[in-house]
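The chain below stands alone and is given in structure tokens; this is the form predicted on its own.
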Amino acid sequence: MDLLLILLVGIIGILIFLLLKKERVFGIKEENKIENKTLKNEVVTDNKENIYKLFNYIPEAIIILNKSKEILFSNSSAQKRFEISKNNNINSYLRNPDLIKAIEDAFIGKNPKDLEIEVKNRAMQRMNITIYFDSNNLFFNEPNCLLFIRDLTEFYKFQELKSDFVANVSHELRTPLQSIKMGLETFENNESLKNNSEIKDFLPVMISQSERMENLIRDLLSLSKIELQEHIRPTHEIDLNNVIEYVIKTHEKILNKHQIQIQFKKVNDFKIIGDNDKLIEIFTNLIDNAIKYSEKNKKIAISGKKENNLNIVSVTDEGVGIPKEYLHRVTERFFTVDPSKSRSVGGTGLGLAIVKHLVSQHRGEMNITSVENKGTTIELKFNSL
């Protein structure tokens, strides 16, 4: 019995010793966990602080918002540009409905947007804003949204100055050119002068060149106006069938002169949001080009189709075509594949540049495909109603 008691006491002692040892080890582990967690938090905090410091070196404005659109952080560029005070609402500095809608969409899981907006603070400013939704709480311990803001105001001011300069110069050239043209037409109607061999050789050249210069001035004025208004989206409901039929009708005389046939079949419900006059200018330029660079007895086909939410128009000619290496350049102003051919048909090198800007104003797309000596297809895509 005494032996059994001694064994029992020994076993209890060993159990107590093991329990105390376990608690000590567990306590050390817990202390290590707490220390590691604290260290980890300190590292994370240090990393965030370093990120914020890095943001302050970036020249573009950076603003971080919470779901209530309160400003959690703004870098030094944003603070200087907008005079931001912490925790103010973004509406106090960037009041724009498209931007606010894009931010709200980002917080509910929709794809963040890259958008251009106009904001009137002390003066009108134009900005490009990229929105990044931080779903992993990289910057703050709550869902937040980062705005990366690039100021495009100076760029657009420069574009306006350039367009104004071109428009003013073109306008000033128009009046003396009209006088020169009238003088040449007077010479042409004078039979005695027309019989003069020297005048007879040079007069047609001077008249054709004055007409080409007149076309150039007209296109320059048109392009300058388009560039200034490109950011203004049209708002009218337009039937593309009516526009295309009108443009074809205005070209009947020149089509007959060049013995070129044009084909177009109406498409049901072919409506878009657009500007009637500018759409007429788009198709006028396309048909003009197709006629100028096609031989006699050729065809021009204009086809339309609906695809998903798009209304697509293709203008196809059987003309000289465009070499593959020049396709990416044909929408540049003043670029012509064959300058001598362009001069002979009265081209200015601005037609497709005008089309590109007008299509962009309609938030559409333009694609060009061509095979040399076989023809060119220009496809325009517009959002349907």
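Computed from a predicted model, the values in this text were never measured in an experiment. All residue numbers are counted from 1 along the displayed sequence.
Although it is not shown, the form predicted in complex with a small molecule is what the next lines describe.
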Counting only non-hydrogen atoms, which stretch in 263-271, 94-102, 248-256, 288-296 is within 4.5 Å of the small molecule in the predicted complex? 288-296
132, 144 and 147 - do all three of these have some heavy atom no more than 4.5 Å from the small molecule in the predicted complex? no
Partner proximity in the predicted complex: residue 361 to the small molecule, non-hydrogen atom cutoff 4.5 Å: no
Looking in the predicted complex, any heavy atom of residue 219 within 4.5 Å of the small molecule? yes
Give a yes/no on whether residue 336 approaches the small molecule to within 4.5 Å in the predicted complex, heavy atoms considered. yes
Could you confirm whether residue 342 comes within 4.5 Å of the small molecule in the predicted complex, counting heavy atoms only? yes
